[in-house]
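Shown next as structure tokens: one chain only, the form predicted on its own.
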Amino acid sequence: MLSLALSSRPLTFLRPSRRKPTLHRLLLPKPLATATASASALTPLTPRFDPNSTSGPDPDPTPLFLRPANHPVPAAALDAFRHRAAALVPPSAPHLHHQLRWLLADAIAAGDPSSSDTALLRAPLDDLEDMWQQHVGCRRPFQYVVGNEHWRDLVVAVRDGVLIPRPETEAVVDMVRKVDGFADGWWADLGTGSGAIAVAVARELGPQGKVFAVDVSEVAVEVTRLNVQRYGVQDKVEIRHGSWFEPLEDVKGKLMGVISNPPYIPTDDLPGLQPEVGWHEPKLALDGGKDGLEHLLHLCEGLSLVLKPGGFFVFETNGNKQSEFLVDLIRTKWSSSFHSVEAVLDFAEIKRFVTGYRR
């Protein structure tokens, strides 16, 4: 039984990327950056799961596209489902048609319903119906429905209990690649969640390079393990269960870099999040305390102990004011420990990241 987990990621995934999108598997469109909030303006506010419905989150945490194809269905029945599902999409939300195609692409293992009498599915047709209803009716994030998200050049497994990777965070990997000698260094991804950052960085490393993927959630540890195994980087990623720096006692002063996308939403702002986030994504991955800085300040406090001289760090934040505050704080309180501390813009021109180097 798989499990998956918590991580940290911004809510800026509502902003469309200006990067040229990559093609979705099977040449289907990559989901828009608004995927997890797609139903917000489309469906009435409803409970997380309709109490009058027998459906709920899929009990099988295996990503849909990785499940065995054990369910033959008549092509006519599949076509009827396609039409019923499409009928639920309002004209104001054409991107839901892309998601419906994504659902079917992941579900159909064999057979072309347009030229065959039978299609072989990875889930019963009734389950697909429930999945679609959960997304459109109960506002469950689509990535949880299908069990994956497309992030950089990866198809990252996710599930309930794991924060869905957002496109903004992809930039972190590019920052790491620009660090001199990064390929043979030891890196820590703190609050790894799905392991997306750890896997992406590991794929760039040389023979001596390593990533320590750390998370306090057992669910996160399990899903990270799944993603690490799927991409064959077991020799590059060492998964450690624990809170922030606690599992890294044996590598203090040896890390070339620390990467973290911690919880940074102020507690009082959580009730105002869109339901797709607030109802479904893990609070542990979102709640940054009273002002959103609780975990970020903890990371700043321990950073100098784990980085070696010349080591690099990058933290993701809630945006402009948070980043500016952290830059000023590090430059003053820890000026003897760090240099070249700055706020870095994301693709929406928001000061999303704080970076710097150990003296």
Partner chain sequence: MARALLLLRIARYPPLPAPPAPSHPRPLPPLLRRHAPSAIRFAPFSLPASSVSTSTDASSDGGGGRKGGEEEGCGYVDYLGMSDEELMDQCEMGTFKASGPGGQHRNKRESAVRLKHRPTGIIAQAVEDRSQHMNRASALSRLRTLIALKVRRPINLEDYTPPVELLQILPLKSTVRGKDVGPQIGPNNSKFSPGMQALLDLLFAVEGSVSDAAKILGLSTGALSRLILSDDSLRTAANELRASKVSRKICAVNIYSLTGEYHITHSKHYI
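Positions refer to the first chain, counted from 1. Because the structure is a prediction, the values reported are computed rather than measured.
One more form of this protein, predicted together with the partner chain, exists but is not displayed; see below.
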{"query": "Ile197, Phe325 and Asp328 all contacting the partner chain in the predicted bound form, non-hydrogen atom within 4.5 Å", "finding": "no"}
{"query": "Contact residue in the predicted bound form, chosen from Ser217, Gln99, Asn227, Gln134 - any heavy atom within 4.5 Å of the partner chain", "finding": "Gln99"}
{"query": "Contact residue in the predicted bound form, from Asp269, Asp79, Asp184, Glu129 (heavy atom within 4.5 Å of the partner chain)", "finding": "Asp269"}
{"query": "Partner-proximal stretch of 165 to 173, 230 to 238, 118 to 126, 68 to 76 relative to the partner chain in the predicted bound form, 4.5 angstroms, heavy atom", "finding": "165 to 173"}
{"query": "4.5 angstroms heavy atom contact with the partner chain in the predicted bound form for Glu222", "finding": "no"}
{"query": "Non-hydrogen atom contact Leu273 with the partner chain in the predicted bound form at 4.5 angstroms", "finding": "yes"}
{"query": "Contact label in the predicted bound form: Pro207 to the partner chain, heavy atom within 4.5 Å", "finding": "no"}
{"query": "Exercise: Phe212 in contact with the partner chain in the predicted bound form, heavy atom 4.5 Å", "finding": "no"}
{"query": "Sequence-ordered list of residues in 261 to 297 near the partner chain in the predicted bound form, where near means a heavy atom within 4.5 Å", "finding": "Asn261, Pro262, Pro263, Tyr264, Ile265, Asp269, Leu273, Gln274, Glu276, Val277, Ala285, Leu286"}
